[in-house]
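Heads up, the chain below is alone and in the form predicted on its own; it's given as C-alpha cells.
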C-alpha cells in the first residue's frame, strides 16, 4: 500500500492530521506524521521526515504532503534520496489536511502511487462554500 508522510512545522498539527487521515482511510492507510523539530518545538527535521518515510514505505511508494515554507524545502530534500525509497517518493502540491484525507482514502482503496498523488492534489479544488 502507498504510504503517506505529513511534513509540518508543528508536531501537533502533523499528528492530528495523521489521526484524521487514518480514520478516513478506514484504518488501512499508513499515514506517518513528521512534524516539528527533534526537540518537539516548531520547525522541520530531515531526520524525522526520513524516519517517517521508512515507517510509511512498504514498497509501493510514499506520498509526501507539506504545510508551508521550510517544510516544503525539507520534503524536497527527501526527494533527493528518492532512489532509496522502494516504489518511489513524490511530493504532492496539495493542502495538508484535505490532501492527506484524500490520499489516505485512495491508498486504503488500493490505488497506486500516481492515483494517491492525484487524489491528494485534487483536494486543492474542493471548495467549502
Partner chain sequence: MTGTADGADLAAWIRLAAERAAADAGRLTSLDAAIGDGDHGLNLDRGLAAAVAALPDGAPPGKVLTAAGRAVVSKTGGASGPLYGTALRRAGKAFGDADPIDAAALGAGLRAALDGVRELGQAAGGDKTMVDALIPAVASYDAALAAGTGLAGCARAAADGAAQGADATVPMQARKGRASYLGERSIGHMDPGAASTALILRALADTLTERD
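Positions refer to the first chain, counted from 1. These figures come from a predicted structure and were not determined experimentally.
What comes next is about the form predicted in complex with its partner chain, which does not appear here.
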{"item": "Its partner chain contact at residue 51 in the predicted bound form, heavy atom, 4.5 Å", "value": "no"}
{"item": "is_contact(residue 68, its partner chain) in the predicted bound form, heavy atom dist at most 4.5 Å", "value": "yes"}
{"item": "Contact of residue 84 with its partner chain in the predicted bound form (heavy atom, 4.5 Å)", "value": "no"}
{"item": "4.5 Å heavy atom contact, residue 76 and its partner chain in the predicted bound form", "value": "yes"}
{"item": "Partner-proximal stretch of 58 to 66, 22 to 30, 76 to 84, 95 to 103 relative to its partner chain in the predicted bound form, 4.5 angstroms, heavy atom", "value": "76 to 84"}
{"item": "Stretch 26 to 56 - residues with a heavy atom within 4.5 Å of its partner chain in the predicted bound form", "value": "43, 44, 46"}
